[in-house]
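One chain comes next, on its own, written as C-alpha cells: the form predicted on its own.
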Amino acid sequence: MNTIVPAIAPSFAINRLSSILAAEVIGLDLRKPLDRPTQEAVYQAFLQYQLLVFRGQALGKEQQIAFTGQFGTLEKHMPCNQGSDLSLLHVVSNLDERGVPTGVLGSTRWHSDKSFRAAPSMATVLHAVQLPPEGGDTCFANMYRAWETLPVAIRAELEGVRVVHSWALSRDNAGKIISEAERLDAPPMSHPLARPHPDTGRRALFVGAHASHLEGLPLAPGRARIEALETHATHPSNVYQHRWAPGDVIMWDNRCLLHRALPNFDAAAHARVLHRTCLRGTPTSE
C-alpha cells in the first residue's frame, strides 16, 4: 500500500489508498481535456479500484461537467437537487440561502446514487469546494466484497432474488414527502439483489437506503433481510473513509459501492460545500 506505481498511460501514476478500495491519481489537471489513451487508462483504474481521488483540483462548474462527460452521459438530478444554476451539477451544501451553516447534513444513510432508476447511476464525481477544519468525511463500502464474503449457503439462498428500490420510500424515511411529479418521474424499480457489474462481470450486493423490499417476501421480513445485509456490507472492515482535503475530486463506481456522509463535524458552525455530477448507467440484468 502507498507505493506509487506507473499507470497504463505514462501521463499519470497511481497510489493505492486502501486494501478495501480507492486509489489516488497523480499527475493530471482535470481542467484540461484528457486524450483518449488517458481516458481509457483512468477508466481502467476506476474499474480496478472503484474510487479515484484527484488532489488539488480547481474546477469551475462547467469544467467539472466537461470532465465528467468524458466518461459517459451526464444525467439531471432530482428536482429537489436542482437548486443550482446548472441542472447537471448539484451543489451539496449545509448552508442556507444567506450562506449560513444550518446544522443539517444530508445523505448520512448508506446508499447508491439513483439506484431507484431503471438504469441506476454509473458514477458520481464530487469536488470539494468548502470544507470544515476537520471532519465532514465520506465513507464507502465495497459491495463486491459484501457479496463475496457472505456464507456460501446464504449466497445460494439469495440467487435470483430481486430487490425493489424506491425514491418515495427513501424520502419518506428521511421525513420528506415527494411531489406527484417526482413520484411519476421515479416509480419503484426492481433490480437483482446480487447485481452483475456490466464491465467486470463481478456481482455486487445492491442494497442501501433506497432499497424498499425483496420481491416475493412480505414487507416486514424483506425489510429485515435488507437491513441485515446492509449491516454485513458496511462493517468497518469493508469501509474506506475518505478524509477530504481542499481541491479533492473523487469519482466512484455506484454499481459496486455504497456511500454516506459522516456527520463528524459541527454542521451548525462550519461550511461543507461540494459539487456533484453523475453519469447515467445501464439497465440492470440477471
Ligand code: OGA
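Nothing here was measured: the structure is a model prediction, and the numbers come from that model. Position 1 is the first residue in the sequence shown; the rest follow in order.
Unshown form predicted together with N-oxalylglycine (OGA); subsequent notes refer to it.
- The contact with N-oxalylglycine (OGA) in the predicted complex, taken as any heavy atom within 4.5 Å, belongs to Ser107 out of Thr200, Ser107, Ser190, Thr149.
- A heavy atom within 4.5 Å of N-oxalylglycine (OGA) in the predicted complex is found for exactly one of Ala267, Leu274, Val25, Leu21: Leu274.
- Remark: His111 counts among the residues lining N-oxalylglycine (OGA) in the predicted complex, judged by a heavy atom distance of 4.5 Å or less.
- Using a 4.5 angstroms threshold between heavy atoms, Ala209 stays clear of N-oxalylglycine (OGA) in the predicted complex.
- Residue contact check for Thr138: one or more of its heavy atoms lie within 4.5 Å of N-oxalylglycine (OGA) in the predicted complex.
- In the predicted complex, at least one heavy atom of Ala261 sits within 4.5 Å of N-oxalylglycine (OGA).
- Listed stretches are 211 to 219, 96 to 104, 111 to 119, 158 to 166; the contact stretch with N-oxalylglycine (OGA) in the predicted complex is 111 to 119, by a heavy atom cutoff of 4.5 Å.
- Proximity to N-oxalylglycine (OGA) in the predicted complex holds for none of Phe67, Val129 and Val249, with the criterion being a heavy atom within 4.5 Å.
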